[in-house]
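As structure tokens, one chain now follows by itself in the form predicted alone.
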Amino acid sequence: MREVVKSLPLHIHPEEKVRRNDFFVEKEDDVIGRLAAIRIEKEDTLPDIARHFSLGINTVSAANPGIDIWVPEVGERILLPLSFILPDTPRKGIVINLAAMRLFYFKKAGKLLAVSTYPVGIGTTERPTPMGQMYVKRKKIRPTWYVPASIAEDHREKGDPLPAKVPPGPLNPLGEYALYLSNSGYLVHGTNKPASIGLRATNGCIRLYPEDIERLFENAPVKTPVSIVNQPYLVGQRDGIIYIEAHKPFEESGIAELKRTYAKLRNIEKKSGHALDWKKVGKVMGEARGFPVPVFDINRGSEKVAAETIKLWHPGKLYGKPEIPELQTDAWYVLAATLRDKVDALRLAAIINHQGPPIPARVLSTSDRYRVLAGPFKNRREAKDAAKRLKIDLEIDGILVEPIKEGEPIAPLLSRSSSLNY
């Protein structure tokens, strides 16, 4: 990361200078987009930056190793991996690369090919997303979620029983839009947990940010072909320069995909008549930073160079960033934790803030302690429901904090508590 940042240009540009989702690609090119970088400002989190730039937390985190996801250091410059190598598949319809946790939607645009791309959340190791060829069977706005038996059983074991079906609304994990695939039981849909995009966090479905699924829903008609692949190592070219992009492979696919990629690179070397820098190739593969890196110029001696990373102004407001309501003395709260370390408290508050549906949380300090307070909530029932979710999702034993009486100082918020009595 540091070596990439040092070569940044002196000029700073507005964020509109780089594209996020929509590109045109020449037939012979495989690389789209451009790398960018911004500086961290107070109260930024990597999930907020990822969503604003339509990236998954997996790619932002991998591109910036050593950066705290939830409490990054103010002033730190981070890389935005807004450049991608297209999967090695026919460029038709929807293509999802599980290893990159990225969806590509291809559509003809005259002599060029238009491609829209979005980050996704995918299935867990226990319930992986299936690979193969399928198609969009039907589409639904504001879908109802019919809870599968296996998921219902998981929730019962956690003490969180689910109804047979969940209607549209903030508690529906499908979000506002859903594409039902021909592989029965699997969907491409929105989410009420946007911080999970770029993670293996679903029960096998493909999950997109709410704003991204809306655009895909509008553009991809029924019968659109869907190809789901797993390609952790990608090789592509743009303007005669060869790039490789490496993602940390899933355990079951790493060796075979690595062999396939090295064979492809050896073939490029043979056809060009020039030796590849195999040391650099090995470094890129090993680091698995998740963005295209130039490793070879097919036309040796040409003046073509890889595009430089572009430095951006920090956005005035990060899209989708959780907003914390002002402290209210007449509301209920949940005391999530009391910690000695301020950074630990800020990290926990940020994690709680990014639950779905949102649970607002803040850090309050008294002497040498930092208290993480979730809320405000309108009444005891809302506070109990939030405490229950914190217990189930994060294993936090929260304590209810009652409203203070009129005229009392705000300090009692930190000591006034009530039994949960589940």
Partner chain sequence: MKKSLLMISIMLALAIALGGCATKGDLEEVQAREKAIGAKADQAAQDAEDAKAAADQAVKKADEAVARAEEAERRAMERERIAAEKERIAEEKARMAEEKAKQAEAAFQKSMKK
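Positions refer to the first chain, counted from 1. From a predicted model like this one, the values you see are computed outputs, not experimental measurements.
Omitted here: the form predicted together with the partner chain. The next part is about that form.
- The chain is drawn here without the partner chain; in the predicted complex, the stretch among 203-211, 264-272, 330-338, 106-114 whose residues come within 4.5 Å of it by any heavy atom is 203-211.
- This chain appears without its partner; in the predicted complex, the one residue of Ala178, Leu79, Ala195, Ile228 with a heavy atom within 4.5 Å of the partner chain is Ala195.
- The single contact residue among Val95, Leu86, Val293, Leu174, judged by any heavy atom lying within 4.5 Å of the partner chain in the predicted complex, is Leu174.
- Using a 4.5 Å heavy atom cutoff, none of Lys42, Leu318 and Arg362 lies near the partner chain in the predicted complex.
- In the predicted complex, none of the heavy atoms of Ala307 sits within 4.5 Å of a heavy atom of the partner chain.
- The partner chain is not drawn, but in the predicted complex it has a heavy atom within 4.5 Å of His155.
- When the partner chain is considered in the predicted complex, Val284 lies well away from it, no heavy atom lying within 4.5 Å.
- The closest non-hydrogen atom of Arg289 lies beyond 4.5 Å of the partner chain in the predicted complex.
- If you take 69-106 and check each residue for a heavy atom within 4.5 Å of the partner chain in the predicted complex, you get Ile69, Trp70, in sequence order.
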